[in-house]
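In the form predicted on its own, a lone chain appears below as structure tokens.
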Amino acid sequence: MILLILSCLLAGCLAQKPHPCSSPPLLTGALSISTQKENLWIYGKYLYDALGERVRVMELGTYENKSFTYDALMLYREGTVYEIYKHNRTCNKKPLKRDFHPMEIPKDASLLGQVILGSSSGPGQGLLVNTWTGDMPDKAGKFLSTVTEFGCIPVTSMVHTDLFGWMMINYFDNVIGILEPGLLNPPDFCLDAEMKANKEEPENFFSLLLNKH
């Protein structure tokens, strides 16, 4: 009888219609980015703080067959981006005048489907995820995002840009919380950096990266 009740409860949970959701406000993890036109590839680590509206990405990659490293700290409330160069302890300080957009599935997104990644044959063999589509913030393009049903943890996202076509972002090794909080503050050698104006203000991480390269 207990097994029957548990089975009914599980079936009821799986039968519930997925709803748009917000990712945890504090996340640490890794990501990879590849592009439709095959001219950009990135592997990196990220720290995401929606409470303080701070994001840091530390990457290595290739662009048009040339390798690069990139380390950026985006402080949205301060309207500042720090490009950090640890090898010579210098920083570029640039304005960031766009609004912070949290990692979430917007309420107007459309559900494409719910699937189990891996296998449903045994405990721990699969991951229940939902895939959504909709418009990017400020109608900047379309997105296709997959998040976990429980926790709204990002799994994959696809966004479209004129320069690269479709960009695919894979998230992995995600941990709820900030493992190294100090990385979300500018290093000591950045504190005296002077603000440098950009011809075009970066909108988010992707446009910041495009302006960089």
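One-based numbering along the sequence shown. Quantities reported herein were computed from a predicted structural model and do not represent experimental measurements.
Omitted from view is the form predicted in complex with another copy of the chain, to which the following refers.
**Q** Given that another copy of the chain is left out here, which of Gln36, Ser157, Ser32, Thr161 has a heavy atom within 4.5 Å of it in the model of the complex?
**A** It is Gln36.
**Q** How about Leu60 - does it come within 4.5 Å of another copy of the chain in the model of the complex, if we only consider non-hydrogen atoms?
**A** Outside the cut-off, so no.
**Q** In the model of the complex, does Ile153 have a heavy atom within 4.5 Å of another copy of the chain?
**A** Yes.
**Q** Quick one: does Asn185 come within 4.5 Å of another copy of the chain in the model of the complex, counting heavy atoms only?
**A** No, Asn185 sits far enough from another copy of the chain in the model of the complex that none of its heavy atoms falls within 4.5 Å.
**Q** Is there a heavy atom of Phe68 lying 4.5 Å or less from a heavy atom of another copy of the chain in the model of the complex?
**A** No, Phe68 stays farther than 4.5 Å from another copy of the chain in the model of the complex.
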